[in-house]
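In the form predicted on its own, a lone chain appears below as C-alpha cells.
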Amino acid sequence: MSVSGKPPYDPANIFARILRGEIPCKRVREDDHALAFHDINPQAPVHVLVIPKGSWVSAADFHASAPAEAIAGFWRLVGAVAAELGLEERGYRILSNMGEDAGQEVAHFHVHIFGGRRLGRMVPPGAA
C-alpha cells in the first residue's frame, strides 16, 4: 500500500496496456474520457468493460482524484454503451469491484456492464 492507503498504480496492468494499444480489444465505443470493450471471459450474454483514460486504481480513487469532466465523461460513456447495446428496456447491471475482498483483479478502476438475460440477485439473502 502507498502512504495514501491505496495500492500504487501499476502502468503495466492489462487495462493500461489496452489503453496504450499494446493489447488489442474488441471495442464497443471510445471517447476522450473512456474506452468500452467486450470482456474476453463474458459472464452474461452482454459483458462489457468500461475503463477511464487515466491512472486510477479504484472507484474511490477515481471519484476523489479525477477531474469533474473525466468523471462525467466516464459515466456518460457507460450510459451510451448500455443504450447502444439495447440494454435499457429490459435492464442491466453495472458492477465495480474495489479491493481484494470484492474480487478486483486489475488495479485500474473499471466497471462491468452485464445484460442480455435475467441476472438475478447479486448477493443471496442471508449470505452475511
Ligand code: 5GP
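Remember, it's a predicted structure, so these values are computed and weren't measured experimentally. Residue numbers here begin at 1 and follow the sequence given.
FYI, the form predicted in complex with guanosine-5'-monophosphate (5GP) isn't displayed, but the following is about it.
Across the options 28-36, 81-89, 96-104, 64-72, residues that bring heavy atoms within 4.5 Å of guanosine-5'-monophosphate (5GP) in the predicted complex belong to 96-104.
Although the partner is absent here, Leu77 lies well away from guanosine-5'-monophosphate (5GP) in the predicted complex, with no heavy atom inside 4.5 Å.
Within this chain, Lys53 is remote from the site of guanosine-5'-monophosphate (5GP) in the predicted complex, having no heavy atom within 4.5 Å.
Contact check for Ala16: every heavy atom lies farther than 4.5 Å from guanosine-5'-monophosphate (5GP) in the predicted complex. In the predicted complex, guanosine-5'-monophosphate (5GP) sits beyond 4.5 Å of every heavy atom of Val46.
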